[in-house]
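Presented below, as structure tokens, is a lone chain in the form predicted on its own.
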């Protein structure tokens, strides 16, 4: 009965979704912080495209290799990459559109919170299943 794991592909997808949202939040925060910085080019990533690329790769290591005799469970996950806005004018103060950044921040926050809520509900189901099987 191979293939049964405690944490299935849904946990993996939600975990990577949280990673992508967290990274995007740091990009948007940097854009807002540098709204008055000359020569700054804002950066962002496409959430859906980045998540699809992250899911297409091999699953990340679930354990750290701390000894030479530990079994290697696969490569580390690929780092998430951002892209620079091509249409940004880095030589003027208005290279960052603060309205667009705030809109992106709200959208990203909603995705993060929704994914975190789904993860908590799945953990509640797992906790319920464990409690029922123990008595």
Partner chain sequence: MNPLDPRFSLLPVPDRTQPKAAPDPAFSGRSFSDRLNGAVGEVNTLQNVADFAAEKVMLGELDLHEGMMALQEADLSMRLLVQTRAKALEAYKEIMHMQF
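Residue numbers count along the first chain shown, from 1. None of the values given here were measured: they were computed from a predicted structure.
Missing here is the form predicted in complex with the partner chain; even so, the following discussion is about that form.
Taking the partner from elsewhere, residue 25 is found to have every heavy atom lying beyond 4.5 Å of the partner chain in the predicted bound form. At least one heavy atom of residue 51 is located within 4.5 Å of the partner chain in the predicted bound form.
Mapping the unseen interface onto this chain, residue 40 falls outside it, with no heavy atom inside 4.5 Å of the partner chain in the predicted bound form. Residues of 14-50 lying near the partner chain in the predicted bound form, listed in sequence order, are 14, 17, 47, 48, the criterion being any heavy atom within 4.5 Å.
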